[in-house]
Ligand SMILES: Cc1cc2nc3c(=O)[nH]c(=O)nc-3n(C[C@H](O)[C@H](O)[C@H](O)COP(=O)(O)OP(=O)(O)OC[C@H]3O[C@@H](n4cnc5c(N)ncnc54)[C@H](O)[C@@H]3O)c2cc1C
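For reference, the chain that follows is the form predicted on its own, supplied as structure tokens.
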């Protein structure tokens, strides 16, 4: 078990956040559980962090324990076996600390289909199921078979089948345990869930081709939505599209000693090439900062006619309408590159209105101030309060 002196600015993709009292990187499954248990038994604030891509933490010192799982092994526990419909399902297990994009690359190299559209998303395998990450026609929920967790309340390990994970749009049973209401931390478990991910088992399909499930991706590949292409071609196209939108993490962050060794060198070289044309001031962000709102049909009807509308399900299970947070932001007057002041260190990406960026020396307070201005402006224009997608610690962005 390794202990380092570091700050959240060192280990988050947006590069802000205060110093950490104790930062631990367990190298074994038992070590992860012991680190969590030790913090809980001492009633210390606990933050279990992955790649730091989905966190905005205050500038003040974090007087608690930050645990980052240093286990990154991927295994294929069984041979490819045909199932009743003639497809070939392959189970792949990844430890929680495994870099997510490294995992995607591994599956594509192995000739497996199912997560290639999720290429380039920063973070870890453990965080992927907490957030139920999704992009370009895929969600991690569709390939998860089970999640091994440590239950902090009952002090035991569990294997949670995908059917019991409560997966929804950017939501899971794990994430739900952290919140009393949208953007409102729960009293017992925050900023880490009740259930700490130890490993994830995926059920992927043995196939060298995958389905192109998103219009923008189809355009980049010169095919139609629904066509099948080589999974490697889909992965390459996703990385290029994400780079063009400024939605790749800064590959340079892995030169920081606190990040060294957390991503495969060959994949790091690919990431560097993918973002060569991406301006430096767009590279430091949390990715998509706000979730796409899911509204009641009545609330959606009040939006302008040209606002995007997609069928969705409300948290209570009733039919809803999902709209685009990026569209709302732009049409509320916050265009690409918007800053509160000309010399502000925080701004919207010049490539995508949904990314709030640290332009070089921003603080967490600067990012939060920009977020509030955008939230207030969208609410004033459309009556919709945007909810942050990142875990926000020590700041109020309700």
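Positions refer to the first chain, counted from 1. Remember, it's a predicted structure, so these values are computed and weren't measured experimentally.
Beyond what is shown, the protein has a form predicted together with the named molecule; the following relates to that form.
- For the options 112, 248, 234, 328, the residue carrying a heavy atom within 4.5 angstroms of the named molecule in the model of the complex is 248.
- Only one of the listed residues (252, 134, 168, 213) places a non-hydrogen atom within 4.5 angstroms of the named molecule in the model of the complex, and that residue is 134.
- Remark: residue 172 does not count among the residues lining the named molecule in the model of the complex, judged by a heavy atom distance of 4.5 Å or less.
- The shortest heavy atom separation between residue 195 and the named molecule in the model of the complex is within 4.5 Å.
- In the model of the complex, residue 371 stays away from the named molecule, with no heavy atom inside 4.5 Å.
- When the named molecule is considered in the model of the complex, residue 263 lies well away from it, no heavy atom lying within 4.5 Å.
- In summary, the region of this chain contacting the named molecule in the model of the complex, judged by heavy atoms within 4.5 Å and restricted to 220 to 228, 316 to 324, 159 to 167, 285 to 293, corresponds to 285 to 293.
- Contact residues in stretch 104 to 134 (any heavy atom within 4.5 Å of the named molecule, taken in the model of the complex) are 121, 122, 123, 124, 126, 127, 128, 130, 131, 133, 134.
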